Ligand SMILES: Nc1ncnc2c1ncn2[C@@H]1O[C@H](COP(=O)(O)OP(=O)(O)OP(=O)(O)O)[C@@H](O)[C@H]1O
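First comes one chain, alone, set out as structure tokens in the form predicted alone.
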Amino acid sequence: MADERQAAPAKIELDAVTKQFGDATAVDAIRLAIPRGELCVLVGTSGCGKSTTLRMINRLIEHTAGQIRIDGQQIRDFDEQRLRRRIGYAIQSTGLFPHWTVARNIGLVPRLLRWPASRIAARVSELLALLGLDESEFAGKYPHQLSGGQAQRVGVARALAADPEVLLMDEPFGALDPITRESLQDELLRLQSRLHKTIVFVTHDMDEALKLADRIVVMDAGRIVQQGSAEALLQAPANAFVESLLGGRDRGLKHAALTPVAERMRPLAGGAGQASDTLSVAADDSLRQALSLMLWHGVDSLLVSDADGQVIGSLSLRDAVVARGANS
């Protein structure tokens, strides 16, 4: 099975890491430990140092001071090329070679690692299937024949091809339309639930960070100003800058987008019932989706259904906005 071959995810540590470009300090003595298997999102405004931090991990940019370690070993102890081949890297522009087919692009790093041709072919097939690209349709295509979303999927497949311990992603979905972007975010979450890679993901979009991250690291002027779970940041932003990134007065709606209806619904007495024509929402939909439905239809309650469409409870407006047990 493919899962049995997967490399164990790595732990990444940045210890007082600084990067200077001449007299300018792009990253200022940051400390960050990313546990194995975590999806860590670096977020902040343009020029805050998040992409520079990402690129220092695989030595595309050399750090000026401090230490960067992968599983306890300093990255400068690794041969640069060997280091980069064990770290997957996906970027906004995909970086696909335009004169190579999809299959050849995906197989780049395995070829550099001198994998047997049969193993490369099997890995390409596996990744195309994993990312929802039919091999018979896409393997022989060239990048210019792909949509933006398809090309980005191929870029992610190439980053995963050699089964890296670490996956670095620099604004990978930033140039896509909102519908395709949301689809690929869902795809990444699905992949991570299966692969459990150590992922460092850079974005300037706080909604994307809130959706994807196990942990969010907020950067400003080259420093880390706050880090923690989406829930922790929404509940207690460290300062006005973090609060503004989180949307200020929209923080409540962003928090509602993270909370499933199942957490606030009232179960149906006697178990599941038959679906009806009354407005309903799925148990795994977010409170934000439920509130939007209530506002649109001018109602103050919804039925809640399970994956089979059976009614399993109800959600009132009050339950949506006030957690049971909380002070009124």
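No experiment lies behind these values; they were computed from the predicted model shown. Start at 1 with the first residue shown and count on from there.
Omitted from view is the form predicted in complex with this ligand, to which the following refers.
- In summary, among the residues 67, 45, 64, 259, the only one with a non-hydrogen atom within 4.5 Å of this ligand in the predicted bound form is 45.
- Here is the short version: of 204, 254, 211, 181, the single residue with a heavy atom within 4.5 Å of this ligand in the predicted bound form is 204.
- Although the partner is absent here, residue 165 lies well away from this ligand in the predicted bound form, with no heavy atom inside 4.5 Å.
- At a distance threshold of 4.5 angstroms between non-hydrogen atoms, residue 26 is in contact with this ligand in the predicted bound form.
- Of the heavy atoms in residue 171, some are within 4.5 Å of this ligand in the predicted bound form.
- Among residues of the shown chain, residue 280 is not one whose heavy atoms approach this ligand to within 4.5 Å in the predicted bound form.
- Note on the interface: of 259-267, 280-288, 293-301, 46-54, the segment with non-hydrogen atoms within 4.5 angstroms of this ligand in the predicted bound form is 46-54.
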